[in-house]
Each structure stands twice: as structure tokens, then as C-alpha cells.
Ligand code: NAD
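Just one chain follows, in the form predicted alone, and it is written as C-alpha cells.
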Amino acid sequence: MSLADTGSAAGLRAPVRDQLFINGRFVDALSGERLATLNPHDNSPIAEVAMASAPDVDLAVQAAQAAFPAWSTRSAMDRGRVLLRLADLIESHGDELARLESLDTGHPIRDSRGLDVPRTAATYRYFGGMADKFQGEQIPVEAGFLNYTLREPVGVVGQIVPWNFPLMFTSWKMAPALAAGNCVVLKPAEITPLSALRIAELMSEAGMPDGVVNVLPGLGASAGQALAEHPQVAKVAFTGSTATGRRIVQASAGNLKKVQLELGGKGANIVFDDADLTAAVNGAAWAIFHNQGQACIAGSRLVLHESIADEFLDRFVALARSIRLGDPLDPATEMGPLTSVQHRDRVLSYVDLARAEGATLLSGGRSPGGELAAGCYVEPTIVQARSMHDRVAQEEVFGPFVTVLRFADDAQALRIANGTEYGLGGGLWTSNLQRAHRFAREMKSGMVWLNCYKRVNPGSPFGGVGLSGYGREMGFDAMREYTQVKSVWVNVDAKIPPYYPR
């Protein structure tokens, strides 16, 4: 029985699933190993969750392999119906899922309820509807032959999701894979596994056959490594750090499995002198402080035209200082805690680094005291760097930490925007339409937002270039990532021999 069953996890109204989900059943890890998942608001325990290792991964892969023939050949419409029923269940259990996500991750309940749950349901609904609409093509070839393509599922897919948006990212990974006819072994982050386990339970309720989806909380060095190396896993999809992405590529080499990586980012958010400053200030705050800055697409480099920089920063600092930190289950909270003590300390270490590099701390830079002292809180932090080459302007902090840089002209702004090894997302604020579209072309980034930031949609491709990874989530591109193309040639003219005549 989980700790939440005994009432020790305030705010939950239903038991927490704390076992592995393999072949349609919740089971203990073979090793018996467990790890506490903590409430980052006060670091109190929520549950002791089973931790998978290589033998558990093997059992899950075998279950998925056994389920694959029936699931992959089931009509696309039927597969879609299961995902559509799941979307309905997510919405009907929305309050429960939102509270679970906020308790486990620190997301403010206003965001979990208003963004994470609706986006999760929308993703399953989008791919549920796409399942019977994703098709092959007929290729115009020489007379006498018909050439067409089939889109076929790759097989058993290993998926590894991070701790910053665990509920939403499970849908980004699983929905297209399942719609395309694959079976899944998903490893949620060991510190935020609860919403993924609850989704697994709802999948069974929606009619997902046993073995099609398996969910294994576990450490990256054991469960994650075993999944990336497993010879019967045809593809591994990973969201997380660039360093771990490199290790997954190496581990995948044994059977040359397909790899899809959505890695780090250092998004440039550029404000030109002709921008609507009110919109840009509010948008910049959303870009970096939403989810405590724990987002790969965060606008963590604020790049300001020198003529408006001082006025912009006056407004931006005032807004940052007004953000209400607090218990994520309080509807009035605008920014909750970071997800773990270790990550809080890592983010704060960049404040020390900024000072060492000669940067100017404009706001924040510390953990609040008082009733929040026991939690993983960091104040919204704004640092003005000396150079675009400073480490705080190059490395992903992954917290409520924004680095300010100034520019004099468009050419310098573009150099700064493209001046890191990352290329996930970036944005710009301007009323000049020609400039906007030119920067959209010239920014080395998988996504560009014009006069907005961090917009996502199930139909819009999501992914990056450079050290931000390769492959795309969402939309038709995601379905292509989870299928392989087979080309079929048919001789339709009996007069054309399919061989050398003798």
C-alpha cells in the first residue's frame, strides 16, 4: 500500500499506484527495490514506488513483443477508438490527475488543471483521430507498373520521459506510437512517476489490450540503460539532457535501433525596439517563469535592443518580483517549487557562477525563507551577463533563471540567437513583418515564435537541431517517426516481362 493510501499525502483523494505496470497488471519490481517520491513543496514523502531494473525491462519488452502482432494488425479505427476513450477518461478524471501532478512535480494547480490535463487529453484525441487517416502514397512511375508505399509500425518502442512535464510528455510519446500500431515500454522519471502509472491504469479502463503499454519507473543507469540496449526494442525515444541523449545513442548501437531525441535548449527571446513592450514583458515572463523555468523551450536568453533595454528591464524586474510563490495546490500560486532539492541546488549554483563571471544580478537569486524554506523554491532570477559567451548565456540552467543580453542591430541579434550549440526554440517581438519572417528563416532552431512564445499544439511539429536533438514530436511528423516505409512494386502489364527474356 502506498503512503498516499494512509492519508500522509495531503491533497489526494484516490490511492496512488506505486508498482510497475507490466502486461496489464501492477507488479512489484523483481529486485524489491523502491524509491520515495517526494512532494517538492515540503519534501514530505508521497509514496514508495517500485524501481525497475534490467530483468523487469526484459519482462515488459517480452509482453510488448507478444502483444505486437494483434495490436499492429488491429484496424486503425479500432486503435483510434481506444485513444479517444482514454482522452475522455483523462478529462473525467482531470481534477484527480491535476492534483497528482502538482503534488509530485510542484506545478501550480492552476497550470496542471488549466494546461497539462487539457493538453494531455487533446494529444490522445488528436492521434486517436489520426490513426485511420495516416496513409501511404502512390508514386508516379513508368507505364506498366504500380508503385505504392505502406506505412508500418516499427515494433516495440522504448520511451523515456523526464520529470518536468511527466503527464503531458507521456501523451506526446505514447499517443503517436500507439496510433501507428506500435507497442510501448515507457520509463517515467524516477522522481515523478505517479501520473504515468495512473495513465496506465486508465488505459486499461479504456480497453488497451494487455502488453501494449508497459510503464516502468526506474533509474536511468539501470532501467533506462537496459531499455536503450535491449535487442528487441526497435526504437527508443528520449526527452531529457543532451549528455544522456549521447549515452542513449551509444547504447542503441547493438541492434541499430531507431533513435529520436528531444534534448536541451537555450532559447533566445529577442525584443526589438519596435515591439509592443507590454506584450513582450508579459510574454518574456511566461517564456521563462512558467513551470519554474523547467522547460527545454524556455526563453532563457532575453535579448534586448539597447534602446529599449532599460525600460523593458524596469517592467520585467517589477513583474518578476510580483510573482506569487507558494504551495502548488493553492489556486492562487503562480510559481511553485522546483521538482527536487538536487535541482534547486543546481539552479542556485548558477547564481554563484554568474557572480564569478562578473554578471549583474537584477532580481532573485535565492531560495525564499519563511513557510517555503523547507521546499525546493527559487525566486524568479534575472541576471545581466557581460558577454554572450559567458557560461550562464551558453549552458542550460533549467530553472527560473534568465540571462539578459543587449544588441545594437539585427545582425548582432541574429549572432546572439545562433550563438549556442542548442537549437530547439526561439522567439522575437517586432512589428516589422519582413524582419520577423527573415529571422524565422535564419534562426537555427526547430521552432520559432513571432510575437508569442512557447505555443504548442498536437498538430504542430516539435523538436530541434544541433545539441537539441533530432526527430519530431506531434503532428504527421510524429506518425512518420513511429513508422517505417515499405515500397511495393506491381507489374500491371503482362506484356512487360519481370525478367530477362531468354
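Just count from 1 along the sequence shown to find any residue number. From a predicted model like this one, the values you see are computed outputs, not experimental measurements.
Another form exists, predicted in complex with the ligand; not displayed. Remarks below refer to it.
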The ligand contact at residue 219 in the model of the complex, heavy atom, 4.5 Å: yes
Distance check, residue 74 to the ligand in the model of the complex, heavy atom within 4.5 Å: no
Proximity of residue 68 to the ligand in the model of the complex, heavy atoms at 4.5 Å: no
Can you check whether residue 462 is within 4.5 Å of the ligand in the model of the complex, heavy atom basis? yes
Within 4.5 Å of the ligand in the model of the complex, heavy atoms considered, which of 283, 211, 264, 153? 264
Can you pick the one in 260, 420, 164, 252 that has a heavy atom within 4.5 Å of the ligand in the model of the complex? 164
Can you check 385-393, 120-128, 182-190, 363-371 and let me know which stretch has heavy atoms within 4.5 Å of the ligand in the model of the complex? 182-190
Taking the ligand in the model of the complex, which residues of 242-256 have any heavy atom within 4.5 Å of it? 244, 247, 248
